[in-house]
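Only one chain is included here, represented as structure tokens and corresponding to the form predicted alone.
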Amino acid sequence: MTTFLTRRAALFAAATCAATLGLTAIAEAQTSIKIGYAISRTGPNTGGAAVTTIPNYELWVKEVNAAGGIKLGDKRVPIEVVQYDDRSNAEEAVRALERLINQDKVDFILPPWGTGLNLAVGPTLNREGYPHIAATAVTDRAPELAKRWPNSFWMLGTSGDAARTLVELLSKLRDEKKIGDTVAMVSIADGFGIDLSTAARPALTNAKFKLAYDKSYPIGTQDLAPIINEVKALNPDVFIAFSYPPDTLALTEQSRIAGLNPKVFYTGVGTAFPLYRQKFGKNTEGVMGIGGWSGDSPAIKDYLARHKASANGAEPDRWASAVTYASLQMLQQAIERVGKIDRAAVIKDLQTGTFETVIGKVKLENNMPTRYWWVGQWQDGEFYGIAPAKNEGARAAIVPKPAWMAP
């Protein structure tokens, strides 16, 4: 009996040793980590991807490879990139991901830009078992999707939280007698605009605001002057636009031309872009928008400097750019803790781990962060987070917004 147990123990030890040596051999055989993505280099999503996503993917790859690569076991291996243009099209994005998986055999996939495309590629990434860290998607479906697709992580939270935080701020300003209760709202007829406006309607109604104007417009709409002229005729206290970058710029410019100058002027994606400040200069003062960041944070200041150095002086946006870079740091830390290309184990680490990032320490709950910036405002040339007010670094809101100046 003793001889049998000894032999069994020896066999077990040999098997364990062989398994360990096998994993070591696999790690040693890995000469690079192949990372793929499909991103909008053409089409209506180009502006958002060019500011928020592409520079951060490139910065991260550059910095990781300069440091020797991602650590797998006892060695580091460089990142090899495979990329495609999704043409701002959901079907093309899915086809591109299938190419990355089936033809290019990539180890990991980075997400596309925008709510709509992240929703479109979600089923594919879930079916194939790839981590999906959606850093540029805002949707009320996030908690449900995190359960349905446990490989998915929703870094910008829910539209309901975004709408409620905005309405809470407006309610506070009304209580302080800084604004009245008349609101005009417009939204892009895309996943982002539909979700945000759907969440905002009941939030505004429950807070006893009067929604005097509520209209959506198709993606790619060129002439927004009729909408602005209709809003101006109503003279609202608050103007809200759940918009994408091209229309954020167009709505702001048309409002300046038409003289629409409500006490609160809030626009969507693109408000936090450096291009917004470049285009409107001092007229950005007091403009609110979705997002924000802790502009006085040393980590954010360091990230800003590194981003500019990498992107030929181009600055990141003041919302999802830092979140995107943080999501890449999380992915790297999860891979390195796992120590090998094991996507299931990396997903588990993302679900349970704690990560040091440019936006601070991140620990996800139900595949989502617990802290967000929902409302920012341009103040003295910087887009600071102003809500939730409990966030570290939150600034007080400037209300009413100063009147538009001549360009």
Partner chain sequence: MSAKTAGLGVGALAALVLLAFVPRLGNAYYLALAISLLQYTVLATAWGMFSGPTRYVSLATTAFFGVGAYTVAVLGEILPWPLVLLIAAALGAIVAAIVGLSTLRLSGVYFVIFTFGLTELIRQLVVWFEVNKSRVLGRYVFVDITQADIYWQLLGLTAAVFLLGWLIARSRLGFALRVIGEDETVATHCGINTTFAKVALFTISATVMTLVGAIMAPRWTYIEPSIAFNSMISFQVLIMALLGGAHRLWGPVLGAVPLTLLFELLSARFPNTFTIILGCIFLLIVYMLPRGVAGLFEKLSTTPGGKTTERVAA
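Positions refer to the first chain, counted from 1. Fair warning: this is a prediction, and the values are worked out from it, not measured in the lab. Throughout, rigid core stands for the largest set of C-alpha atoms superposing within 1.5 Å between the two forms.
This next part talks about the form predicted together with the partner chain, which is not shown.
Heavy atom within 4.5 Å of the partner chain in the predicted bound form - residue from Asn206, Gln103, Gln222, Asn312: Answer to the contact question: Gln103.
Selected contact from Lys282, Arg148, Lys308, Arg76, since only one has a non-hydrogen atom within 4.5 angstroms of the partner chain in the predicted bound form: Of Lys282, Arg148, Lys308, Arg76, the residue with a heavy atom within 4.5 Å of the partner chain in the predicted bound form is Arg148.
One stretch from 41-49, 365-373, 339-347, 61-69 that, in the predicted bound form, holds residues within 4.5 Å of the partner chain by heavy atom: Among the listed stretches, the partner-contacting one is 41-49.
Site check Gln30, Pro55 and Glu80: each within 4.5 Å of the partner chain in the predicted bound form by heavy atom: So, no: the whole triplet misses the partner chain.
Non-hydrogen atom contact Glu91 with the partner chain in the predicted bound form at 4.5 angstroms: Yes, Glu91 lies within 4.5 Å of the partner chain in the predicted bound form.
Arg127, heavy atom within 4.5 angstroms of the partner chain in the predicted bound form: Contact with the partner chain, yes.
Non-hydrogen atom contact Arg201 with the partner chain in the predicted bound form at 4.5 angstroms: Yes, Arg201 is a contact residue.
The partner chain contact in the predicted bound form: Ser216, any heavy atom under 4.5 Å: Ser216: yes, in contact with the partner chain in the predicted bound form.
The partner chain in the predicted bound form - contacting residues of 105-123, heavy atom within 4.5 Å: Result: Gly116, Leu119, Ala120, Pro123.
Displaced residue check between this form and the one not shown: Thr198, CA, 2 Å or over, core reference: The answer is yes, as the C-alpha of Thr198 shifts between this form and the one not shown by 2 Å or more after core alignment.
Flag for Tyr325, CA shift 2 Å or larger between this form and the one not shown after aligning core: After core superposition, the C-alpha of Tyr325 moves less than 2 Å between this form and the one not shown.
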